[in-house]
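Structure 1 and structure 2, given next as structure tokens, are two forms of the same protein chain, each shown alone.
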Structure 1
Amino acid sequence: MFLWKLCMSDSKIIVALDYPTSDAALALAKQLDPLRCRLKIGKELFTRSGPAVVEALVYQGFDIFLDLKYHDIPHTVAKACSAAADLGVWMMNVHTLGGGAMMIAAREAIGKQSDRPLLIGVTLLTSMDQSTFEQIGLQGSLTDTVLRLAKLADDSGLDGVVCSAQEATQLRSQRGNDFQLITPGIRPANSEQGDQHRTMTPADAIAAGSSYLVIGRPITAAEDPMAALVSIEQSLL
């Protein structure tokens, strides 16, 4: 339990801190309010800056989604999840392709207490198309596989999955209201698409059933990141 976490954010917006250095990440975080958003730390920032940047942002009051997509034998993933929980993160993820035993071990490792981190599964990476899917020996349709892996995640005790907002309606109807759907690929109307292809606006993604929106460049590349965040918040009212 982290005593400095006196106030909890209820924001649905997770800002992706895709930076190569902790100085750049901390400078962006300084412009944001921990009550108005949560932050995602991924592999680049974590590999370069390590647990120190996570602890610094947790100390500043931010809810942190540690996006390291653990995928290994059950024992190793359980130990990694336990270590992430010790950093005080709010959410972390594992790869559902690691299988049910791995997910169950991960879930057991983060404990039962009410302030435990949320444990989320990555189903199929959105970079995977039909040919890469078949290349690794998977068969059937990508969508059916995502739905099946989400069910396995749910049955293994995970709190939800990362998915495309385009899959959210189907997942929401199959998995019910308590299952968390974390959706990247969000673009406010009139913002740059960048390298994202199948995007949705924040309001449409929430209407489709998303629980949390992962948003990077529309906020981090804005001249005034807090103003960009407020404008997205207002679009959700």
Structure 2
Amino acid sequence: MFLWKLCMSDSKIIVALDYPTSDAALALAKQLDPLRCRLKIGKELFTRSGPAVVEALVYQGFDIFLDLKYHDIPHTVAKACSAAADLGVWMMNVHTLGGGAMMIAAREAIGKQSDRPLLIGVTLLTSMDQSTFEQIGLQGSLTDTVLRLAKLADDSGLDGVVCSAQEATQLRSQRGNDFQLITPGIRPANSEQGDQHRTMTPADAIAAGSSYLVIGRPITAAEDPMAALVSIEQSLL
């Protein structure tokens, strides 16, 4: 049995630990309740601190979303996903732009057990606007591309996608209630937008169909992170 199954929260809030060191991340985690939130570990923290920080937070009872966005040849991505599953993470992700063969290989690598990690596909980053979309040679609209990539992820056996909350309503309608929608770019009312272009408040994102909300600075930069988390929880009632 994967360790994550033993400590699973039912919270819809994923706190982004966008820190440069494990000490800073662990210090923030000590101020939070593992039954009230889940945690996201991204590229900077994992590159500097490695698997040890994941294992430490899993040991403390947190469900971990390992946000490394794997994108490589199918064999390499499959091996990486298998290694991530061994760390006891609750969820991991791959880039849908890697194609169907890559996603299928990743899905097969983590097995079919009921206690396996969730495997999520990244569609388009929430920092991407139409200008950037066209600059890299993509055609059409942001929304149409997200919908197409989400279908590919679903057809490849993934559990859901990372997407903007602004696409959640259409995705929920097209992909059904069991398809997980993970939405970054969540900003409580009156908070700074930062480097996100396609944002939405927590309550609006849940109403639009989001399954889980990735929230960073509105919680991690707060004077009292747990109080900020509770305030966001209350806005969802």
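Remember, predicted model here, so these are calculated numbers, not experimental data. All residue numbers here follow the sequence of structure 1, with the first residue given the number 1. The term rigid core refers to the maximal set of C-alpha atoms that superpose within 1.5 Å between the two forms.
One chain, two forms displayed separately, with the form predicted together with cytidine-5'-monophosphate (C5P) being the first of them, structure 1. After superposing the rigid core, the Cα of residue 164 is displaced by less than 2 Å between structure 1 and structure 2. After superposition on the rigid core, the Cα atom of residue 155 is displaced by less than 2 Å between structure 1 and structure 2. In this core superposition, residue 129 moves its Cα by 3.6 Å between structure 1 and structure 2.
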